[in-house]
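Okay, here we've got a single chain as structure tokens, the form predicted on its own, with questions on binding and movement later.
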Amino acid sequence: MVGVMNIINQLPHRRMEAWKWTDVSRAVPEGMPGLSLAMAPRFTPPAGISVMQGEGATSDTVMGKLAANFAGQSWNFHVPANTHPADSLLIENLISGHGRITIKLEKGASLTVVEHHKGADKSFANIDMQIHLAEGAKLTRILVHDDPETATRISTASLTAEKDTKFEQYVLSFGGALFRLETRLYGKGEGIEAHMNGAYLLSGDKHTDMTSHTELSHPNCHIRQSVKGVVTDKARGVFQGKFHVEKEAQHTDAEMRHDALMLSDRAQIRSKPELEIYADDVACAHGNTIGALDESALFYMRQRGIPLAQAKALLTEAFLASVFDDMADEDMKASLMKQINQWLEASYGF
């Protein structure tokens, strides 16, 4: 068994360019629960989908290698060709430790995965997820995260997408001592369609990092990414996104946006959108805005009798809502918006 100090020395730190705003080694003290243990997740699979433990796919990311060392075998899900479960695969009990999950969708299959990430005080969690979408498959991933202010969590998903696949991802994070959600999409066929949206709402001393890397090597792919954040108190939000478009990926249509509201002078937001394009017939763009609530809109609402706190909450809710507009599951959308409203009520004090 590797010593605890040796584990901490392997954790990402701010001298690594991709982790310069999310220093995991600094956030993890010696003896933190879960640092060298395997996770015990709980699964509720839909009818016809079973889970088995086995070798699973391997990851070459820093945190993926640590998960391979300490998580033991992978929890593996297989969705047969042209299978369309009516219910979602529910993943819970991701409290602490290292965990590995592999999901494979065969040709023409579809699946919705709902993940609840919530840890214990002063806990460490590291989840490595490997996903493969065969031709024509569709995956919808919904992730809700809310850790205590003392918990550290890293969740990495590496997704390989073949021809004509569809991937939708919706994330809602309320932060932790340190939380990093990393999504890596590798396009291995033409006609891939992906929508990767997320929202983070951070108060106190919480930290959320939403990092993504999309690599395309075939033509006619359509990618949309929108991340919105709200930070107050001394919270810290991080967004890093990159589109890497190879020469063969002609007719790529890709757009990335990050927009954030800073509700406190002590809050911090770091953002780094990137485009690396080698194809000459593409439509790729990125945008980034960071600002405060619109004072003229607040004034207009107060003139019509809306109290200041409620006016701020209404404007913030409207700012965030578009992230989940395309979600097909209306019940899940309503649940996410309800959680957002509860956070706004607590933050604005009404």
Partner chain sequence: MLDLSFLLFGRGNYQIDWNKIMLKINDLHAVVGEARSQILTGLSLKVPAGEVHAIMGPNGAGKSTLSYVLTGRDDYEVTEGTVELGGQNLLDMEPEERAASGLFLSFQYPLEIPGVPTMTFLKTALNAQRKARGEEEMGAPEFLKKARALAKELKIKPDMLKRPLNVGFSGGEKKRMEIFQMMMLEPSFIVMDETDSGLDVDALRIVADGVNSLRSPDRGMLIITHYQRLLDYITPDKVHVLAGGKIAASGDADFAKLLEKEGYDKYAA
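Fair warning: this is a prediction, and the values are worked out from it, not measured in the lab. Numbering follows the first chain given and starts at 1.
Another form, the form predicted together with the partner chain, is not on view; read the next lines as being about it.
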As a check of understanding, the residue in Met301, Ala57, Val282, Val51 with any heavy atom within 4.5 Å of the partner chain in the model of the complex should be identified as Met301
Can you work out which of Ala292, Leu37, Ala40, Ala297 has a heavy atom no more than 4.5 Å from the partner chain in the model of the complex? Ala297
Within 4.5 Å of the partner chain in the model of the complex, heavy atom basis, the matching stretch of 309-317, 40-48, 59-67, 282-290 is 309-317
Considering non-hydrogen atoms and a 4.5 Å limit, does the partner chain approach Gly305 in the model of the complex? yes
